[in-house]
Each structure stands twice: as C-alpha cells, then as structure tokens.
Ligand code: UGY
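What follows is one chain in structure tokens, specifically the form predicted on its own.
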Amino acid sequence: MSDRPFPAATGRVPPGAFGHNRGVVARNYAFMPPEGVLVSRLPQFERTIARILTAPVMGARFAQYVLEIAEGGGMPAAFAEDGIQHFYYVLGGEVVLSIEGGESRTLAVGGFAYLPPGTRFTLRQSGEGRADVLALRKRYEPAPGIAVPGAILSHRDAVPMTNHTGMEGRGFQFLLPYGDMRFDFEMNLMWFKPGVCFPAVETHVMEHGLYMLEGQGLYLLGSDWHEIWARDFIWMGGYCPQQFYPTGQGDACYLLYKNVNRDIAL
C-alpha cells in the first residue's frame, strides 16, 4: 500500500484507542458536552456553522442549536416558517435581528428575541469577530380563544430578577412573560449561589432544554449524577427525575426551556 499525500495539518489525535466521553444519551434524557457535537450547515444561513443539540430524532418535541456565525454571515434573505416559532439568545459577539416590516435591533451578549410563528426575519452577524447564538425552534400550539403573542427583542439586563420559591440563594429571570397564556413555552435564566440545591428531586411532565452559561455543578438525571459546566447541554423528557447542585466558588446560571400553559394532547 503506497502513502497518500494527505493535506498538511498541525493537530494530532491524542493517544488512546477508546473514546472517553462525558456524553450520555438515554431513553428520557441526554447529556451533551460540546466537544462531541459535530458541525452542520443550514440552507437559510451562510458562513454559519450549526451545532444541533437536540431534535425530534432524540425524542424532543423541539429543536435547539448553537449557531457559530462568521463575520459577514447569517441569513442572506428573509426567512419564515409557517406554524414554527423561534427564540434566539446571544452567547458571544453581536448580531442584528430584523423583522420584515418591523423592528430591527443589534443584540449583544445576553440579548434575546422571540419570534411568533410565520414571522419573516433575518439574523446576521455584526461588529467584529464571530457571533455565537443559542437558537430554538418549536411548533406553536394554539389554544381556543387565546391570541398568538407578538415578537420580543430585549436583553436579560432589562428582565427583573425574581424568586417566587422563597428559597435563599436562588434567582429567576423569565425572558418571556411569566404566566402569559399566549406562550406555550418559557425561557428562563436560573441562578444559584454555591451549594444551593433544588429542595427536592423534581419529577414532572414538562420537557426541558438546558444550556449551561456560567459556573458548574452536579446534575441528577434519572438515577445518575453528571458534572456540568459552561457550554454543556441537557435534554430532559417528561417525568425525568432531576436535581441540580451547584459547585465551584461562583454563581451558576443556565438557560432553561420548558413547555407550559397547554393541556395534554390525548
């Protein structure tokens, strides 16, 4: 067998014949460290890498992504999907989100946008360097007598910190209006001081998509604990036993998707 002239490269695969991976995909949850999520590309974006975190093929009823948008990249033309609502949260850099015939705004780190189903919009990188954006798509579930919500473009600094549990060391920022029945999901920033855990193991019907933004901790999924830190992602199906215990020396924060405000489809 003759040698083949492979392209020149500077990196080298580390030694070891067996893969070592924190990732787990189980029947009712998945723990996804970023190093195992390979790149994809989407036809509505240019100069953009999409890392798909969860999708219906996994069992989720929504799709969630990290978009890595290079300078000058993003949507070259307005995009819309009938019946599908979108949510975006800026992790790094800046983007401009423009609604056709409506508002246009530059969103920096912590900026977010909710777009109701059928909204025509563009999302493009702005400023210098790459922009990283957490994206979510979900089919809207209409309810009799309830109007479809309008678009929201805002920043987490404009959202008050609350604590409806009364438990010391916890904070909640509801990026979509809390208790507003027009919305069929929530996107919440969950804050924890070190050592402040859930008061109980939760087991409930809601589905979750969790993206770790700051800090670290231990997360119980089913019967197993997983060490979680920034950029890790968790999908939790309905009735997955779960609990979080923050570790480290600083605050921990994650962005949490939750489906709410709708009856059970039979």
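Because the structure is a prediction, the values reported are computed rather than measured. Residue indices: 1-based, along the sequence shown.
One more form of this protein exists, namely the form predicted in complex with this ligand; it is left out here, but the text below deals with it.
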| message | Between 47, 231, 61, 204, only one gets a heavy atom within 4.5 angstroms of this ligand in the predicted bound form; which residue is that? | response | 204
| request: Name the residue from 167, 190, 158, 143 that puts a heavy atom within 4.5 Å of this ligand in the predicted bound form. | output: 190
| query | Among 236, 242 and 258, does every residue place a heavy atom within 4.5 Å of this ligand in the predicted bound form? | reply | yes
| request: Pick the stretch from 148 to 156, 190 to 198, 97 to 105, 72 to 80 whose residues have a heavy atom within 4.5 Å of this ligand in the predicted bound form. | output: 190 to 198
| field | Partner proximity in the predicted bound form: residue 208 to this ligand, non-hydrogen atom cutoff 4.5 Å | value | yes
| query | Using heavy atoms and a 4.5 Å limit, would one call residue 29 a contact residue for this ligand in the predicted bound form? | reply | no
| Within a 4.5 Å heavy atom cut-off, is residue 219 in contact with this ligand in the predicted bound form? | yes
